[in-house]
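There is one chain below, alone, in structure tokens, taken in the form predicted alone.
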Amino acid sequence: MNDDATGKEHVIEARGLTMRFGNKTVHENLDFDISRGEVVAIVGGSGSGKSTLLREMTMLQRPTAGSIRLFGQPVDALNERQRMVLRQRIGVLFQNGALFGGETVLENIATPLQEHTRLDRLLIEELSAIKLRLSGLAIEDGLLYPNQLSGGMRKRAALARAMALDPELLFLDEPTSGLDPISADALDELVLQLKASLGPTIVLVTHDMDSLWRVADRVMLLGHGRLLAVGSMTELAGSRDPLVARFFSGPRGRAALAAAGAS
């Protein structure tokens, strides 16, 4: 596992990453590293391949060409058993939450523990309750079913399930999508609390400019099938590259910048 210039180990290493669907190239020859403990956001316009890249990194989709290493292990060289072991070090919050509608919130959180550990029922229930509280939900919320939750509560419940196995690497797909500003702010704060208390490496796909300023250490901008820019929000917001400036200097970008400067 290689280290970056600061001496931090790389949790994700991508080289020459290419994805094509028929004649359509989603992205080509992407090279990037993500270091342990970072919060890295992936952004880009519609159709830029953000979610596709996330699926490649979470081993849900094989790239057409190139390689991905997770925790120093070449994903393509692993057999299914080895990939399953690796998946247990990863948590994923899907865009729509993907909670099981026929299970309560606590039962949803318990599912990964039941499938991937040999813990007894009482310990699983206790750990599920801890993750529930860690997500900011109350114990009584854990007895509800997904259709009884608000949008913000569903996101928190899904995050609690993603954290069930104490993952070292956490993927968040549009975590604030569809939330009102207050709920979105609260979820951003929760991500920062998780980073401070548990220290996972976090990769999020988002279009929320406010979230980028609040939680991201670095941002990766995808467009035209390639990686257009990588850097902090301060660096990217001040970029003179026309493609980068167009994305971050629009009305939403300017409003988020003003809000970040005022906070």
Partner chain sequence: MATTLPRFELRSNRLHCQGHWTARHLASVATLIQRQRWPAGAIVIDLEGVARIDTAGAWVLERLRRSLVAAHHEVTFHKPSAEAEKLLELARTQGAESDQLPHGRRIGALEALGRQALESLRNALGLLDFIGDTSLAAVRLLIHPGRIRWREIAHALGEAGHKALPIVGLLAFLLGIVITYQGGVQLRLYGASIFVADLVGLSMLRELSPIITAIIVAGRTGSAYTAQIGTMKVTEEIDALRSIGIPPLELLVLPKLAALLIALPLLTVYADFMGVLGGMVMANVQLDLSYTTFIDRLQDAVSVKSYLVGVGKAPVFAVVIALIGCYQGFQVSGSAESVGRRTTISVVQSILAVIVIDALFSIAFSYLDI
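Positions refer to the first chain, counted from 1. Source: prediction; values computed, not measured.
The same protein also has a form predicted together with its partner chain, omitted here; what follows describes it.
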Using a 4.5 Å heavy atom cut-off, are Q88, G102 and N147 all in contact with its partner chain in the predicted complex?
yes
Choose from 57 to 65, 213 to 221, 190 to 198, 26 to 34 the stretch whose residues reach within 4.5 Å of its partner chain in the predicted complex, heavy atoms counted.
190 to 198
Checked I130, L78, A186, A98 for heavy atoms within 4.5 Å of its partner chain in the predicted complex; positive is I130
Check whether R83 has any heavy atom within 4.5 Å of a heavy atom of its partner chain in the predicted complex, and answer yes or no.
no
Give a yes or no for S177: in the predicted complex, does one of its heavy atoms lie within 4.5 Å of a heavy atom belonging to its partner chain?
no
Is it the case that I182, even though its partner is missing from this view, gets within 4.5 Å of its partner chain in the predicted complex, heavy atoms only?
no
Contact flag, T117 vs its partner chain in the predicted complex, heavy atom cut 4.5 Å
yes
